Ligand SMILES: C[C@@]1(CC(=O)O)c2cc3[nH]c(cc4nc(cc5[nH]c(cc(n2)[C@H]1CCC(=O)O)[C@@](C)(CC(=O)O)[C@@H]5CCC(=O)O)C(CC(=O)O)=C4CCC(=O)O)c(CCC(=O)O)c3CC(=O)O
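Take a look at this single chain in structure tokens; it is the form predicted alone.
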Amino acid sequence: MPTYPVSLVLQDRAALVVGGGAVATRKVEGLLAAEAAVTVIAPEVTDALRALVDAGRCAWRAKAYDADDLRGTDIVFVATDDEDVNARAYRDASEAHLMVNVADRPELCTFFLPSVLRRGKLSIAVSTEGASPLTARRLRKELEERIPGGFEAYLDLLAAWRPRAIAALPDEAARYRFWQQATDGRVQRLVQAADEEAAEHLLEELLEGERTACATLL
């Protein structure tokens, strides 16, 4: 089936994880990184999960799954060794119109989890739509090795300049031209060389150049 790639904002959203093993632990860790409100349903959990529960990072209901656990939930992740539980949780979540992902069972998913590379504001997601998660992880690793050092600082700099560009260049076409030049590699190379002062100066020149061009046209 064709998919529609998105990045979900899960901050404070209720995420249910059915299962308490190693796979479920990884799901919980990823959800906590997104600042979701996580509840785990499992008779037993890993030591790592128990540590998260003890630290108040997530909730744990030490019980077998049933459909009532879905109440108040926004998104569901299932990772158990019991195929009957996996199928039942998928069916219940689907009937409740909830997004659900069952680990290693692409036919029991309404969304797939990509392998994600994060570097500050940069996120690169690689997905095989459930066909081969290991291949996705290997491709992500290859991409990670190609991202140059200093990229986080480069994106932080561009983010800081965005409101300045909007204020100085109300014309959309002028802003586009500015960002074309700002992202052509020159600023990035200066940041990589740890010369942020020169990078700032170059951005100022580019912005002033577009501002002057707009004034001339008027």
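Every value quoted in this text rests on a predicted model; they were computed, and no experiment measured them. In case it trips you up, residue 1 is the first one in the sequence shown, and so on.
The form predicted together with the named molecule exists for this protein as well; it is not shown, and the discussion that follows is about that form.
Ligand-free form, site status blocked: the named molecule, modelled in by superimposing site C-alphas onto its pose in the model of the complex, brings 3 or more atoms within 2.4 Å of backbone or C-beta atoms.
Not one of 13, 32 and 99 is positioned with any heavy atom within 4.5 Å of the named molecule in the model of the complex. 113 is the sole member of 113, 124, 87, 147 with a non-hydrogen atom lying within 4.5 angstroms of the named molecule in the model of the complex.
Residue contact with the named molecule in the model of the complex: residue 95 places no heavy atom within 4.5 Å of it. Contact annotation for residue 137: at least one heavy atom lies within 4.5 Å of the named molecule in the model of the complex.
Contact between residue 75 and the named molecule in the model of the complex is not found at the 4.5 Å heavy atom cutoff.
Proximity of residue 27 to the named molecule in the model of the complex falls within the 4.5 Å heavy atom cutoff. In the model of the complex, 101, 102, 103, 104, 106 are the residues of 84-108 with at least one heavy atom within 4.5 Å of the named molecule, listed from first to last.
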